[in-house]
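Taking the form predicted alone, here's one chain by itself in structure tokens.
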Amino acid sequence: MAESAKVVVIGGGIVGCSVLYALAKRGWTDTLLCERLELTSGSTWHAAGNVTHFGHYAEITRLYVESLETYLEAERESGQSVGFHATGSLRLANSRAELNSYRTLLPLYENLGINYRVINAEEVGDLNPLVQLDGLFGAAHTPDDGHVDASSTTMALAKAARNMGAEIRRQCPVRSIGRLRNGRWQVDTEFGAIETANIVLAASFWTRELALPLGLDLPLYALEHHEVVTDDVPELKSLNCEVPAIRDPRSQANVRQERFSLLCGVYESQPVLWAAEGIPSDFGGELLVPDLERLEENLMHVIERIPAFGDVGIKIVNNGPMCFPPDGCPLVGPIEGFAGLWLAAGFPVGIGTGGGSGRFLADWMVNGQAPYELAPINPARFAKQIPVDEAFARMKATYSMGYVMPGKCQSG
């Protein structure tokens, strides 16, 4: 006889563990998370860990805010540090129009109770002396932003969830999922079958492959995403605090301090689709072959704005697959026509929005309705199948414009 659980969560990254934790907080502890390898083995382990309060759309912003709240809550409950660095962040304005677009968000953030201000170029220099101010009009400043350690944060969520009664099984690959005659679901793993009323697919780009046998063609593909880490920067060693993170629409890059180095995530204009024909069976979350030539234009703009970045060498280049839906927004919620099957996948900004999305989905599951309207992440928006070439064209356009105003779903 198959064992049973009220909920089976598939995927042990930041999102899956956030869902498990949020369900446990709401009293649903007859839950089981299955992870094919180790917790954080997917995109989580090579994530930069940036957390922000900046979003162009009120409810998306709420997911950012509630994510950091969730991580710090799990830290307190578990005793496991999430490694939060409260550096603040600056979203640069390279034109007066960009600066004015940041000002239009002032009422939104005031209503949400978010610490947010629009500052001039001189104030940017005061906050981050590495920034070259020529041609800069100012920035949007969110002082409560920062970054967490992605792996430690996932472990805090997992530990807190287990402390409340949830179960986690590592090294437990899921072979398939299917509907039973009694209307419930069966999850087939390498160690046996599990019967459940609810499945949460939180397996990033693996979600698509699990759903295909059900006749679901979800537009969840992966793009290659680069991050580079510099050698130590002498200017950082002379400061007595960490500098705010920089997000720059011109370079389409984010730059933050990593000890005495600079970590830079790049959204190049010609991203590469990864494993569109299917994920290799032996892929275990490894990094991909880097291609610095694709980043050349972006990195030149980074150096123009942050000269210290170009004065030192690059010691690490990471290139990892990142799930990226066509519109840049995750898929969070039920799948129409498949009662009990839920999505929490397609997160380009998994650390930034994972905790809040876990809360959102848990509320929906427990209460039978969404806690508030959030159409940009509802899976129903992709009810109609999208051919892979069209999906990639939309992914490419969205990815390469991640820090450009206006927009609803942007890079974190």
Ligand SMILES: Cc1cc2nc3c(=O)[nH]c(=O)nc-3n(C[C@H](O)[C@H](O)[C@H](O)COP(=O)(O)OP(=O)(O)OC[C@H]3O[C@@H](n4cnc5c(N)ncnc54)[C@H](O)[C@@H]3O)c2cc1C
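Each residue number is its position in the shown sequence, starting from 1. Quick caveat: nothing in here was measured; it's all calculated off a predicted structure.
In what follows, reference is made to the form predicted in complex with the named molecule, a form of this protein that is not presented.
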**OP:** Tell me, out of 210, 136, 295, 236, which residue has a non-hydrogen atom within 4.5 angstroms of the named molecule in the model of the complex.
**Re:** 210
Subject >> Selected contact from 379, 348, 356, 55, since only one has a non-hydrogen atom within 4.5 angstroms of the named molecule in the model of the complex >> reply: 348
Original post:
Of the listed stretches (356-364, 370-378, 23-31, 44-52), which one has a non-hydrogen atom within 4.5 Å of the named molecule in the model of the complex?
Top reply: 44-52
Original post:
residue 74: heavy atom within 4.5 Å of the named molecule in the model of the complex?
Top reply: no
Original post:
Is residue 203 a contact residue for the named molecule in the model of the complex, using a 4.5 Å heavy atom cut-off?
Top reply: yes
**OP:** Examine residue 273 and determine whether its closest non-hydrogen atom to the named molecule in the model of the complex is within 4.5 angstroms.
**Re:** no
**OP:** Flag residue 322 as yes or no: does it have a non-hydrogen atom within 4.5 angstroms of any non-hydrogen atom of the named molecule in the model of the complex?
**Re:** yes
Original post:
Going by heavy atoms, what in 160-174 lies within 4.5 angstroms of the named molecule in the model of the complex?
Top reply: 172, 173, 174
